[in-house]
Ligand code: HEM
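Okay, here we've got a single chain as structure tokens, the form predicted on its own, with questions on binding and movement later.
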């Protein structure tokens, strides 16, 4: 987490997505690209909450919450 307590894409969100996740989604967008994730954040969150992403098993609730908090905070860099 950033020194201010604010979540950042590079430190807190990007590491949530494995290389396997990133490669699987490249057909639609890049999970390691902040602008792509910002553009698709609502859909990503819905998919995470429904347990359909990643395809090899749902994220733990704390990781989903981290993504949600980042999104709700305005998706800071």
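Residue numbers count along the first chain shown, from 1. Predicted model only: the values in this text are computed from it and were never measured.
The following text describes the form predicted in complex with the ligand, which does not appear among the structures shown.
At the 4.5 Å threshold, heavy atoms of residue 35 stay clear of the ligand in the predicted complex, well away from it.
For residue 20, a non-hydrogen atom is located within 4.5 Å of the ligand in the predicted complex, even though that partner is not displayed.
Of the heavy atoms in residue 39, none are within 4.5 Å of the ligand in the predicted complex. Of the heavy atoms in residue 64, none are within 4.5 Å of the ligand in the predicted complex.
For the partner-free chain shown, nothing in 63-77 comes within 4.5 angstroms of the ligand in the predicted complex, judged by any non-hydrogen atom.
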